[in-house]
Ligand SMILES: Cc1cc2nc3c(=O)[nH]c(=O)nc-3n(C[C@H](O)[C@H](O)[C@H](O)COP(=O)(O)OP(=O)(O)OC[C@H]3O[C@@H](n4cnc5c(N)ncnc54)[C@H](O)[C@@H]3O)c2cc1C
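We begin with a single chain expressed as structure tokens, specifically the form predicted alone.
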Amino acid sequence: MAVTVETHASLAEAARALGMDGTYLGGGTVLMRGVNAGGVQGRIVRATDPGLRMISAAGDGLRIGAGATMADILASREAEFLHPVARMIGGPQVRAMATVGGNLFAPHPYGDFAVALIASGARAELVQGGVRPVEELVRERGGVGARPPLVAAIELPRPREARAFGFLKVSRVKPKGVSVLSLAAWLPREGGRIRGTRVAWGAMGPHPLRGAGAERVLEGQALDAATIARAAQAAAEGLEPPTDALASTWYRREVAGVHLKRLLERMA
């Protein structure tokens, strides 16, 4: 079957054109591999809607168009706290193509930007209507026969202080290798205590997910050496990391606490 590409001026038009047999093209870093390998055929639908790449402040938060690339994130002052995340995704060519929306549905071991969004409590504005937590969309993306919803934009808060958000990526090839694991933490503090703890992991399960063990230890505590040590011990609780060409389940579980400790010490 031949591959055809349809281009629409708005995301709403592209959504209507998808039908049951169309495949949506965002940045193409994942989809085009399938096209080149012959696994993706038929109708490919894309949108040139300029709103897809807009990044703007929204009160105390940030609104990022789903078509914004990692390069767009790096060029945005409003998204400065996300620069360390975007900078760790691929090389310059990948960052010029990879989109925020596409990263939500990238297969293991990709999806590092989704890890940061989950940690921040980000929500996805859907073309079909409604707003859903990014955490839910990522968790559901592996459903058999399920087509992921079209995301128009991402809404997320901005940290009130620099040390409230942190990101760490571990890879064997520097600086742009695929993740052995990635980790993000959102640790806002009131009166010296952490309130509203969120920790998220990448490559530690079938999709990016929350680290409930570390969150339980950190919530309501001061980020001191004793708390960090306890959180490191609980780092892999409830996680079932995969074995793949990059690392084994055993290895990922063993080093999770080491890297969580390093991240928390940077944020203390």
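Note that residue numbering begins at 1 and tracks the sequence as displayed. Keep in mind that what you see is a predicted model, and the values were worked out from it rather than measured.
The discussion below concerns the form predicted in complex with the ligand, not included here.
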item: Segment that reaches the ligand in the model of the complex - one of 74-82, 155-163, 192-200, 107-115, heavy atoms within 4.5 Å; value: 107-115
item: 4.5 Å heavy atom contact, Ala66 to the ligand in the model of the complex; value: yes
item: In the model of the complex, Gly205 touching the ligand (heavy atom, 4.5 Å); value: no
item: Proximity of Gly220 to the ligand in the model of the complex, heavy atoms at 4.5 Å; value: no
item: 4.5 Å heavy atom contact, Pro133 and the ligand in the model of the complex; value: no
item: Heavy atom within 4.5 Å of the ligand in the model of the complex - residue from Val30, Val35, Ala229, Met54; value: Val30
item: Contact check for Met97, Leu150 and Gly177 against the ligand in the model of the complex, heavy atom at 4.5 Å; value: yes
item: Residues in 78-95 close to the ligand in the model of the complex, defined by a heavy atom within 4.5 Å, in order; value: Met88, Ile89, Gly90, Val94
